[in-house]
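So this first bit is one chain, no partners, the form predicted alone, shown in structure tokens.
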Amino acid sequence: MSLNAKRLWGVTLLGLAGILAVYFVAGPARFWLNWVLWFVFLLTLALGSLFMVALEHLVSSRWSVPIRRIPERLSTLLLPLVPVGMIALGAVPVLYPGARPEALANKLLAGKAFWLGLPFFSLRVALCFLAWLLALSVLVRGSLRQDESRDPQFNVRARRFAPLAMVFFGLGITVVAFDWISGLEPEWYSDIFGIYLFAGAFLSALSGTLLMVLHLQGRGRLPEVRRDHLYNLGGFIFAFTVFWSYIGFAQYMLMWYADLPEEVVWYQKRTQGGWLAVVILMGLLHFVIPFFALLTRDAKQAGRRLHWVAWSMLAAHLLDLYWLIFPVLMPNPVLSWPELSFALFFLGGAFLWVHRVRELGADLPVGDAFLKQGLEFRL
């Protein structure tokens, strides 16, 4: 075991001790808020990465073939997230009012009782994971096998399966948005909330992929990946920064204009007191800073700038989820030892997994017949 792996294990175990203390000292509600936050954060990162893989096969992209192994590796986070998601179901009776017996007395919730109840909630979680794992097996496992077999038919099978994988992704990310986040306050509803979460998930996957590419290049790996490939990743981050901002503003503007009580109260919680400062910080990290940092052509190819922009986007996505989830029970932002303990446990565990899978298969999908075209990509 390397020194870095030992340190990560130490961080993870320290975090585990802390989160066990959170349940008994800070209470079950705060424990489950943090658990759901980190579960959704890592889940959206994994799903966004799987979306990148499926998108390449769907549109027969060539430029992205040399970097495809990176999102393939990141998408395998879905495997350890299965037990994390099963444990997260313990939050449903504690945090989700639609799953409680008294929900039947609420006129707005009574009609949704079957959907919001724990049995059907659990069934949706299980079905989503089954669909995602099927996509992972076909697209990622098949790609790894192609390294050895050099079978060109894999590309045909992957392209035929990609539309179904997109269906799995679209339905799944919508279920995550409405069940795990919107379900915390089921009286509130937004038609575009699933798209909003998709934008954040795709941005986090792009950022994670970019960071891993830069990390491997810093270790003398992936020398074939050039500034042209980095430019396209930077361009996608730039574009989806604008898209995320547009969707977020459109959602707020429509609800502000309609001025319906059940919609206004949701935003009222999240724009008062200390939460207003979180909104401002999120706007800076999620839009203003990356927008101007990547505005020029050269900026989208500068490794150092792309590095800190990618970290900024991951932090912004986590902050966004924090802003969506924590105001349910917290009138003001909280950041103390319970949150630090969960950060140590989940980040330590995630980095351990990435440390392990960064050796999964070759750094390039060497069995892909289109790799040569991808390596020859020029802007």
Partner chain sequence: MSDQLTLPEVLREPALTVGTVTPGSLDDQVLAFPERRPPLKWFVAIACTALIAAIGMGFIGYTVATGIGVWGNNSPVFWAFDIINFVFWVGIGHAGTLISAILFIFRKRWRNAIARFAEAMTIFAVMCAGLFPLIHVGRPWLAFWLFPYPNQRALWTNFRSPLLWDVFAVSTYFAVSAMFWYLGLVPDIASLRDRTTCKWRKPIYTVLAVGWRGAGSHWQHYEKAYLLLAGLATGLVLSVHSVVSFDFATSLVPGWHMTIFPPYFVVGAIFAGFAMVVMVLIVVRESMDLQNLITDYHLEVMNKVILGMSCLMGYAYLMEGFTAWYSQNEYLHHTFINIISGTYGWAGWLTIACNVVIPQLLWFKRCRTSYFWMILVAVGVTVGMWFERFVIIVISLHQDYLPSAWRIYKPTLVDFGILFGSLGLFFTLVLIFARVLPVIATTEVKGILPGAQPKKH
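None of the values given here were measured: they were computed from a predicted structure. Residue numbers count along the first chain shown, from 1.
Although it is not shown, the form predicted in complex with the partner chain is what the next lines describe.
Put simply, of Q251, T271, S245, Q217 only one has a heavy atom within 4.5 Å of the partner chain in the predicted bound form, and it is Q251.
Taking a 4.5 Å heavy atom cutoff to the partner chain in the predicted bound form, the contact residue among T241, T76, S143, S182 is S182. Looking at 131-139, 110-118, 86-94, 207-215, the stretch with residues near the partner chain in the predicted bound form, meaning non-hydrogen atoms within 4.5 angstroms, turns out to be 110-118.
Using a 4.5 angstroms threshold between heavy atoms, K372 counts as touching the partner chain in the predicted bound form. Although the partner is absent here, F168 is not a contact residue: none of its heavy atoms lies within 4.5 angstroms of the partner chain in the predicted bound form.
Remark: D191 counts among the residues lining the partner chain in the predicted bound form, judged by a heavy atom distance of 4.5 Å or less. Although the partner is absent here, I195 sits close enough that one of its heavy atoms falls within 4.5 Å of the partner chain in the predicted bound form.
The putative spot formed by S122, S149 and V354 is not touched by the partner chain in the predicted bound form; no residue has a non-hydrogen atom within 4.5 angstroms of it. Residues from 228-263 that approach the partner chain in the predicted bound form with a non-hydrogen atom closer than or equal to 4.5 Å are Y231, N232, F236, Y246, I247, A250, Q251, M253, L254, M255, Y257, A258, L260, E262, E263, in the order they occur in the chain.
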